[in-house]
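A single chain, nothing else alongside it, follows as structure tokens in the form predicted on its own.
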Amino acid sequence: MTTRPLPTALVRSLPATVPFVGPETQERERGRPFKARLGANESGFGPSPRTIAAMTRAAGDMWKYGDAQNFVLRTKLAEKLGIGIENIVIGEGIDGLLGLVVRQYVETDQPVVTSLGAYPTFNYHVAGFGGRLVAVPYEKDRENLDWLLDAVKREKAPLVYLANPDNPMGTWWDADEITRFIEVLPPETMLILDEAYGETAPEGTLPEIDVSRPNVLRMRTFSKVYGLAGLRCGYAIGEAQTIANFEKVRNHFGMTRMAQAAAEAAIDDEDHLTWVQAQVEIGRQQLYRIAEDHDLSAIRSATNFVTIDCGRDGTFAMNVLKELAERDVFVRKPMAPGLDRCIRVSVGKAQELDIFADALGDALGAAKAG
């Protein structure tokens, strides 16, 4: 038997899994590419021409590390949001920041509250740092704020996760309801308010930014409407000391110069942001029509995807997903009981949504026959 260094007991206890199986992995296994990439909630509309130009200019300087303080990017964000530079930390997408938050606030076996079926990468970090997940069911396809609060108080949880708008269902709460939740949350509990889809939400969804509360961290990203998922750039907004604590644990040279330059340019290009927001709304309406054409129910969405109720159980919805993949369409689905009856389809360019529309009828028929 080969002798080898042993990882910690915690690492030995964890399954060797990843939160998502990427489309590239699936394409390698299938031996052919997808014709419609509609599963990862990326922006198929891409970054703006100004952003691409900024990345091109940055390419020659990629022999240099990025600015460890992300000074220019934080300054631009601070000006845009009307807050101080000390209220912003930059990270390798929201995913990277989630791991840093769990590392800061969760000890081994401590309870962490989330919703059953909410963003699984957060759960992955909680498990990786030895926390204990306390999952609250959705109610009518929305995260239930009162049930989350009850679980926080019952468990005396140091951390709670809430996405608004929600992934994977696309539903949302108005700003007043989120503010109410924040006001009654125990002050010793840190709230991660994931606003990755905030730019595609209706007006009145995002509360006014208040950086006076030390127990609220709001997460945002350049991966969605800005079209920069491949560069991994996100940021957290919070009270100054709460943000300063990230300096103790973050990867100070984690942001590349190209990611910094791209995000800086994206902030300045308001016209492209407005155009993408309009395209997302057009795509959502097209997906609603596609669902209706196939006698399915689409859940109204505040995100750049639409969740479609397949009308049966989770096994049937999984078969629909597999049949779509056979027809070269990549989508994903919720996996939690009650939500798993659905598939989740990202907004894409019109031609990709046409491919989905053409494949859906056959996929449904094959799933029913199977």
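Throughout, we count residues from 1 along the sequence that is shown. Remember, it's a predicted structure, so these values are computed and weren't measured experimentally.
Absent from the display: the form predicted in complex with another copy of the chain. The rest refers to it.
Enquirer: Of 83, 298, 229, 273, which residue is found within 4.5 angstroms of another copy of the chain in the predicted complex when only non-hydrogen atoms are counted?
Expert: Selected option: 229.
Enquirer: Which one of 123, 205, 104, 171 is close to another copy of the chain in the predicted complex, taking close to mean a heavy atom within 4.5 Å?
Expert: After the contact test, the surviving option is 104.
Enquirer: Tell me the stretch among 147 to 155, 172 to 180, 93 to 101, 277 to 285 that has any heavy atom within 4.5 angstroms of another copy of the chain in the predicted complex.
Expert: Only one stretch qualifies here: 93 to 101.
Enquirer: Given that the partner is absent here, does residue 60 sit within 4.5 Å of another copy of the chain in the predicted complex, heavy atoms only?
Expert: Because a heavy atom of residue 60 falls inside 4.5 Å of another copy of the chain in the predicted complex, the answer is yes.
Enquirer: Verify the contact flag for residue 111: yes if a non-hydrogen atom of it lies within 4.5 Å of a non-hydrogen atom of another copy of the chain in the predicted complex, no if not.
Expert: Residue-level check for residue 111: no, no contact with another copy of the chain.
Enquirer: Just to confirm, residue 198 within 4.5 Å of another copy of the chain in the predicted complex by heavy atoms?
Expert: Close contact is absent here: in the predicted complex, residue 198 is far from another copy of the chain, nothing within 4.5 Å, heavy atoms only.
Enquirer: Is residue 256 close enough to another copy of the chain in the predicted complex to count, meaning some heavy atom within 4.5 Å?
Expert: Yes.
Enquirer: For the spot marked by 31, 336 and 351, is every residue within 4.5 Å of another copy of the chain in the predicted complex through some heavy atom?
Expert: The answer is no: none of the three residues contacts the partner (heavy atom, 4.5 Å cut-off).
Enquirer: Mind listing which residues of 56 to 81 have a heavy atom within 4.5 Å of another copy of the chain in the predicted complex?
Expert: The stretch touches the partner through 56, 59, 60, 62, 63, 64, 65, 66, 67, 69, 71.
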